[in-house]
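Given next are two forms of a protein chain, the same chain in both, each as structure tokens and marked structure 1 or structure 2.
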Structure 1
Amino acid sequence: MRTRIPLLVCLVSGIIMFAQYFSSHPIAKTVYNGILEWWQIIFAFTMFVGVAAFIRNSLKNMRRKGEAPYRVAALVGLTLMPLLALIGGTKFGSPFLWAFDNMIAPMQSTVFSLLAFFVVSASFRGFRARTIPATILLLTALIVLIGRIPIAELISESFPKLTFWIQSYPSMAARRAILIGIGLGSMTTALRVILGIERTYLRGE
């Protein structure tokens, strides 16, 4: 009984969402809008679950050597930002917006800059011309990178055109093939969940 009710709810919800997508009837639209409102409520509760899990993991990992200061800073930030929003609001000049602009935004920029260095290092390892496909990939990447900077027009006027051609045709063809595969995989997974074949989400801990 503990699994039959969730499976039945999943089956009915999946059929309703699938049917309303191909229907233009006003009742279908009304049902869909109602489900969206419930989805927002569920999303709000999942945020509470995520925050509770983050606090639990932070308190548990705080005992590890060297991690306590970072865990304390994360918990202080998690507590301080909602308090600042409740006390002073989120308007211009508020403490919340000041903390966001002067603390969170610089930290996000730092994380993305580090991510850029990781991408460059991974590209350097992946673009080594050891085989013919790797050589083609390396040359294509160099053409696209050079074609996206202003100096490319000084080299040749056709250089930027070649870059846009690569992005519009060969790259787009590969991207569409990947998107089609993702779509088919998502549809297969959704059907397995709706029909009750995939039940891993019912196991909990």
Structure 2
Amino acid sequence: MRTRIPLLVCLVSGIIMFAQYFSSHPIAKTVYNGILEWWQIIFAFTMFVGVAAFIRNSLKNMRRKGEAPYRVAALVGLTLMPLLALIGGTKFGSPFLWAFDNMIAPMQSTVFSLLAFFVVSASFRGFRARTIPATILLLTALIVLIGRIPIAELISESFPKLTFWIQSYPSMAARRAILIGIGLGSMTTALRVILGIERTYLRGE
């Protein structure tokens, strides 16, 4: 029962959502719209499960040496945002949006911008023309890096033109092959999931 019920649910919802593609009957439309709505509602609950798991783990790890202040900071932050939303709502000029604009957004983009430094470090240490494929990779990267800066246009208009050519034809062809591969793979996996052959999602209760 623990496996059969989920497999049956998956089969039914999968077949309905696949079959509705070929029907515009009002009943099919109603069922389709209903499933889309249910899907969103259920999905939203996964977010709350994640939050609950985060709180549980934070409380558990608080006992670890030196971890407590960081865990407390995270939990205070987690509580603060709903509190701010309760007090002032989420409209323009609210404390909730103030906290987002002046704390979350700057911190997130700063964390992301750290990658610029690591890219610099990696470019110096690891980007070597050791083999023919590595040399092709390196040369293409250098052409793109030069071709997309305004200074290159001042030197020669061929730089951006060459960049767009590489991007639009040889690079695009390789990406397209990857995309077609993913497309075929996704289709077969989806079919296997609906038919109950692929069951990995049932693991890890």
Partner chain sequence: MDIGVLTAGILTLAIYSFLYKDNPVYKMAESWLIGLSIGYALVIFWQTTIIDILIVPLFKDGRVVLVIPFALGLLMFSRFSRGSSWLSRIPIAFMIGAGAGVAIPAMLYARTLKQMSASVMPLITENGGFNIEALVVAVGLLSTLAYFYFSREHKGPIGKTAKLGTYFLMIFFGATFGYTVMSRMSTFVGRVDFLLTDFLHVIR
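The shown structure was predicted, so the numbers you read here are calculated from the model rather than taken from an experiment. Under this definition, the rigid core comprises the largest set of C-alpha atoms superposing within 1.5 Å between the forms. FYI, numbering is relative to structure 1, first residue = 1.
Trainee: Choose between structure 1 and structure 2: indicate the form predicted alone.
Mentor: Structure 1 is the matching one, since it is the form predicted alone.
Trainee: After superposing the rigid core, is the C-alpha displacement of residue 27 2 Å or more between the two structures?
Mentor: Indeed, residue 27 is displaced by 2 Å or more.
Trainee: Please state whether residue 135 has a C-alpha shift of 2 Å or more between the two structures, with the rigid core used for the fit.
Mentor: The answer is no; the displacement is under 2 Å.
Trainee: Aligned on the rigid core, do the two forms place the Cα of residue 66 2 Å or more apart, comparing between the two structures?
Mentor: Yes, the C-alpha position differs by at least 2 Å between the two structures.
Trainee: Give the rigid core superposed Cα shift of residue 121 between the two structures, in Å, rounded to one decimal.
Mentor: A shift of 3.8 Å at the C-alpha.
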